[in-house]
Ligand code: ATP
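So this first bit is one chain, no partners, the form predicted on its own, shown in structure tokens.
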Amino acid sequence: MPTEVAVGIFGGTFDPVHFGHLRLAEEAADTLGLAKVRWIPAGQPALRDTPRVGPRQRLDMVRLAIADNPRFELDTAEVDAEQKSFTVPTLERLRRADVYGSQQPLVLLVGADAFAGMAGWHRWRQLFELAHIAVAHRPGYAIEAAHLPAELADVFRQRACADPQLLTASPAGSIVTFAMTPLDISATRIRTLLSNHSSARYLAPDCVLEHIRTHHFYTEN
């Protein structure tokens, strides 16, 4: 039986990274008792439109945003690979013996909207062989099977776990949910503000916004 504390896995486009991302990772670490959260920016996201800025630029913004948090670490492999990023192959890479191996409890962090669409992901049923899933939701709006697509609802009923402490009992396979502080922040909104030369202050870390200004990201030509 695994004895190590679970590790959070947090992937995304991060175009740009903002306080909503940071707060989700921080509250997940606290609520779920994670040893750390591994941030994995997608090189070429498979299920989203092409990001406004390139993978190296998004990687740099995440590096700046998480630099002062000892529980956060950056994984550059998906950007380095220069190919489309899919969650299952990413988790398979993390399960290699030279990374986490087969017995380390891994917890994939997702938001409620992403979880609701998970049945459309590449090889999605294999996710549960590779990691636990932790779903962040707004306080008072718990995840309910009745509101999920039928095939995902069945999986949720079978795998739902009420006690986050049980995540360390196995490497993968459970679904937990947790309420996080509601922050009405989106990368889309930030990009719109910046393209209109409006302030995005207090929506993302100052170091990220300064990096964006320096490199003229998200501004219309």
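Heads up: residue numbers just count along the shown sequence, starting at 1. None of the values given here were measured: they were computed from a predicted structure.
Not pictured, yet referred to below: the form predicted in complex with the ligand.
> Let me know the one among L193, L183, V155, V53 whose heavy atoms come within 4.5 Å of the ligand in the predicted complex, would you?
Contact with the ligand in the predicted complex is made by L183 alone.
> Which listed residue (K84, R138, H147, R96) meets the criterion of a heavy atom within 4.5 Å of the ligand in the predicted complex?
None of the other options qualify; the answer is R138.
> Can you work out whether the ligand is within 4.5 angstroms of a heavy atom in all three of G20, L24 and V110 in the predicted complex?
Yes, each of G20, L24 and V110 comes within 4.5 Å of the ligand in the predicted complex.
> Just to confirm, A187 within 4.5 Å of the ligand in the predicted complex by heavy atoms?
Taking the distances in the predicted complex, the answer for A187 is yes, it comes within 4.5 Å of the ligand.
> Using a 4.5 Å heavy atom cut-off, state whether R48 contacts the ligand in the predicted complex.
Contact with the ligand, yes.
> A114 versus the ligand, in the predicted complex: is there a non-hydrogen atom within 4.5 Å?
Taking the distances in the predicted complex, the answer for A114 is yes, it comes within 4.5 Å of the ligand.
> Taking only heavy atoms into account, state which residues of 8 to 38 are within 4.5 Å of the ligand in the predicted complex, ordered by sequence.
F10, G11, G12, T13, F14, H18, G20, H21, L24, in sequence order.
> If the C-alpha spacing of Y141 and D15 moves by 3 Å or more in the predicted complex, is that a move closer or farther apart?
Closer, not farther.
> Can you confirm the direction of the Cα distance change for G140 and T177 in the predicted complex, closer or farther than in this form, given it is 3 Å or more?
So the answer is farther.
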